[in-house]
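Below you'll find only one chain, the form predicted alone, shown as structure tokens.
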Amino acid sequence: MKKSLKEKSADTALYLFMILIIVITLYPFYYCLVMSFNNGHDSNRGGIYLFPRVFTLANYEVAFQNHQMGKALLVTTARTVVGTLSSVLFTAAVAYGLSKENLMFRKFYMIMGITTMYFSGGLIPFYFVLKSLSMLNTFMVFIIPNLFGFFNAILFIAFFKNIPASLKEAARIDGASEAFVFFRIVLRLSTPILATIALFNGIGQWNSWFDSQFFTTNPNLKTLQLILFETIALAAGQEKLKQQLGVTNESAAYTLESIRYATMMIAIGPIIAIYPFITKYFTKGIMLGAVKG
């Protein structure tokens, strides 16, 4: 159907508005990327908007100087992959059980789960629980406590209720077990919500530094975020010492601010690279999961 001039004008205005929103959203990330590749002292002069004026890799060299960076990257990648897969599978399995209306004490389980969304035991009791379970200073301290989240379970429950019950009943009539129905039917039809919860968990695992800071003292278990945090703290300390001594080092290609830009890009780069590939599943999953919550 041919659009009228008024409709074309409205579409054009809408496209321009969306382009403006995209630019406003993405430009801060691009600005950080540009500044991370620019000489730190030159950046202090200002006036850099689209491209590095004095290109340098010194900011990234300083960020990667820590000899534990490679090991921390492996630990962070491992906890992100293992933690995300185990959490998604465990939460989905629990949510599948809670989605059954005939489950005994279902309302009690739901009330208990919702309560945990608003109240927690606090850091000290949580620490002693982990200690009593001998999880301190182990890789499992990154995995076990993050296995289940009730908010994610609610999204799973709402999505599972959208799957036609006739499919599951037909499978059971043919002799399929409950595990077969869950793994071969329910999970196969739940790609959008699986991608959504995986994104939630993946970002949380990748960005987490709190558990590495407080629940581990083994340097081999330091995560990338903690190493970057320590790098920034060290650079800040050196900068403060130089200020106190009245020492200036203009020949250095980096400053504390430029190192911060570089570490920021190292931290968010992998997530930004993955995000576009699961955006369509994320949108569909979060919408369907929210409709019948």
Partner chain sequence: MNSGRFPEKSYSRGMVYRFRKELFFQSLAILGGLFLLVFSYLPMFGIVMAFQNYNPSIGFVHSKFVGLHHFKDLFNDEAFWIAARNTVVLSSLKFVLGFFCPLIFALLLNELKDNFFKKFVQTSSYLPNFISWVIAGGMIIIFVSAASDGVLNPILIKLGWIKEAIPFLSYPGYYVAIALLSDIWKVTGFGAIIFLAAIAGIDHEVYEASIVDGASRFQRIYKITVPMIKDTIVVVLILGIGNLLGGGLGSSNFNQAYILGNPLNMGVSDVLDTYILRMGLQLGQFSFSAAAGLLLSVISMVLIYVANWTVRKINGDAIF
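For the two forms, the rigid core is made up of the largest set of C-alpha atoms that agree within 1.5 Å on superposition. Just so it is clear, the structure is predicted and the values come from calculations on it, not from any experiment. Positions refer to the first chain, counted from 1.
From this point on, the text means the form predicted in complex with its partner chain, which you will not see here.
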Quick check on residue 178: any heavy atom within 4.5 Å of its partner chain in the model of the complex? yes
Touches its partner chain in the model of the complex: residue 229 (any heavy atom, 4.5 Å): yes
Contact label in the model of the complex: residue 131 to its partner chain, heavy atom within 4.5 Å: yes
Using a 4.5 angstroms cut-off on non-hydrogen atoms, would residue 257 count as touching its partner chain in the model of the complex? yes
Among the candidate residues 94, 75, 171, 158, which is the single one with a non-hydrogen atom no more than 4.5 Å from its partner chain in the model of the complex? 94
Taking 4.5 Å between heavy atoms as the contact cutoff, choose which of 86, 218, 116, 191 touches its partner chain in the model of the complex. 116
Out of 91-114, which residues reach within 4.5 Å of its partner chain in the model of the complex, heavy atoms considered? 93, 94, 96, 97, 98, 100, 102, 103, 104, 105, 109, 111, 112, 113
Quick check on residue 259: with the core superposed, does its CA move 2 angstroms or more between the shown form and the other one? yes
Post core alignment: residue 225 C-alpha displaced by 2 Å or more between the shown form and the other one: no
